[in-house]
Each structure stands twice: as C-alpha cells, then as structure tokens.
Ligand SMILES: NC(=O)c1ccc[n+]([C@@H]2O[C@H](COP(=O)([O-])OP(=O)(O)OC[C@H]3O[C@@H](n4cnc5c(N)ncnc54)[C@H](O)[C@@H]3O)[C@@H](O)[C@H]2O)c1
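Shown next as structure tokens: one chain only, the form predicted on its own.
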C-alpha cells in the first residue's frame, strides 16, 4: 500500500510502498477513506515532539472495516468507523475510573516479540499514535475505532477523530461549560473553531474568539462566536476583561504557545478555568502570577478533549447530521496523498482550517 513516511525530522514526508500485516486477535484492518492533516503531525515532523523513525504519520481518520481478527466484538467488516488515537485497554485505573483518554496501557499495541503491524522490505515501520492513517490501510486495536451510522460522510467524520473531538470535548468534558457561562477561545484553526462550536452547542452565553488574523472573524462567528478580538493589534487579555467585566468563566488555548497559554489564564475571572488544548513544545514553560490562584482560578490541560470516544464520537455524528456541528466549513480542500507536504506548508501559513486527504483522489 502507499503511505506517507517520515524518515528524518524536518524533512518532507515521502510517499512509499509499505506492507501491512493481517489482523491478529482484537485487531481491525481498515480501508482508509479520509484523513485530516492535523497540526499535531507537524509537531512531530518539526521535532517539537519525539517519535521513533521511520514512521507512517497521520492520526485523524475514517474508513471502512475490511477484516477483523479473533475476539473482535465492537465492529465488523463493512462498518464505517472513526479512528481515535486514544486507544484504551479497558481495565487500568484510568479506564475503570471513566477517563479512557488517559489510558497508557501497552495492551493495545503488539508485543515486542510479535511481528510489527507495518513493515517495509522486511524491516519494521513504526506506527504513529496507534493509527498511522496517512496510508491506504490501517491496522489498529479494536479499542482505537468506533462504528458510526452509515449515512455520515466519511470526509467529515475523519475530522471528529482528532481536531473536533479535542475542541468540542474540551468544552463539554474537560471544562464542563454550562449554559449561560462565558467562554474565550484563543486560536481559530480547526481545534479552536470546534471549541467555539461546542460552546455554542452547550449554550454558552458569550463566546469570544481570538486570533491574529482579522480574516478569521467571519468564520469564527459562523461557528458560534458572539465576539471577535484580533490579537495582532489589541491586547486580548485587556479586551476580554473589558468585554466581560472581570474575565471569562472558561478559556481555551488552541494554539500551543507559552504566550497564549499565559494569556488564557490571565483572561479568566475569579473561579474560572483556563484549558490548554494546544500542544506546547517540549522544553517550554508556562508562567502565571501565583497570587491569582487565591481567586480559585485553575489552569489545566486537556488530552483529546477528555474523550470517551466510543460514546462521544457517535454523538458528534448525530450533532452533525442534525445541523448542530459545523464540519463542512472546517474542510478547506480535499487532496490526494501525494499533496500532503503541500498541505503542511499551507498550514504553517495559517491560511486554512483543514486539508483532508481522500484516498480515492
């Protein structure tokens, strides 16, 4: 099969032929239909986060089940599925405590003495985040995918697999935004727009979108923002404090920078919570004034929107088909696998929401 391979940090992905194994016990072979080009992949390409190489990248995807191994109970051949990097074992302390997105069990991966899922010329090819979806096929543990209703378009379903789940989940699960509360979202890329959309779905009273590009205002308001602040020419912390007379109840940092993480904390009011949903590069620290914790302000992280994806993702599909979740406008363009490096170049310019790789393109 064709796959996009990262061989060296800082270099473009190479489209190569890679071999994929047959499904073993509790494994699912999926024909990839669509894969979103996510900023998280770019972090690994640029070396902000380490990963063993060579590796097939990609982690935001949807497809059709081709084959299942022994003991698979949750999906069957022919099912449409969304994949999720939050593969879970089901019985560790995080899983039994209802926080499956935090599972770090090894059981969803093949054992070290077992043949690898991906190979090339007889040598092992590393699987990325349990998925490796920049490829024509994926071989995953059954607890890394969930079946969805067949009337859901798979190019839009793919976005739910990471960016949308991260943004919406951070609102609904991590921070538990309640109707009428105030929200600020820093960064109007795919994840930030999903957070704005999630805040609108749960009935937030005021949703303030913040971005460096004034061109993002229309899109942010389309997704549910009530206000827009262009941080290129305005101090967003002061602007939020003035708009809300003291700060928001919930802020969401969807950029992944030290500065914006600190701004997210500074713009919450007493009793508020700042959620860091962007990936801040390893080695960077976040500094906030200690005295502000006396006002019961909180600064917290969010991993994949604190999801319970076997429940959450089918619900997000229902939201989309009911017209509540706006996925159509997140897709800037549909491309073929060969255009993946071009998509990352456009992403770095900040001009697009999401490119989606279509495997029939």
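Quick caveat, the model's predicted, so the values are computed rather than measured. Numbering follows the first chain given and starts at 1.
Form predicted in complex with the named molecule: not shown, discussed below.
- Note on the interface: of 190-198, 244-252, 89-97, 138-146, the segment with non-hydrogen atoms within 4.5 angstroms of the named molecule in the model of the complex is 190-198.
- The single contact residue among 212, 103, 75, 288, judged by any heavy atom lying within 4.5 Å of the named molecule in the model of the complex, is 212.
- The single contact residue among 331, 303, 321, 64, judged by any heavy atom lying within 4.5 Å of the named molecule in the model of the complex, is 303.
- The named molecule is not drawn, but in the model of the complex it has no heavy atom within 4.5 Å of residue 224.
- Put simply, residue 257 is close to the named molecule in the model of the complex: some heavy atom of it is within 4.5 Å.
- Looking at residue 216, you'd find a heavy atom of it within 4.5 angstroms of the named molecule in the model of the complex.
- Contact check for residue 166: a non-hydrogen atom falls within 4.5 Å of the named molecule in the model of the complex.
- Across the proposed site, 81, 157 and 327 without exception lack any heavy atom within 4.5 Å of the named molecule in the model of the complex.
- Scanning 263-283 for heavy atoms within 4.5 Å of the named molecule in the model of the complex gives 277, 278, 279 in sequence order.
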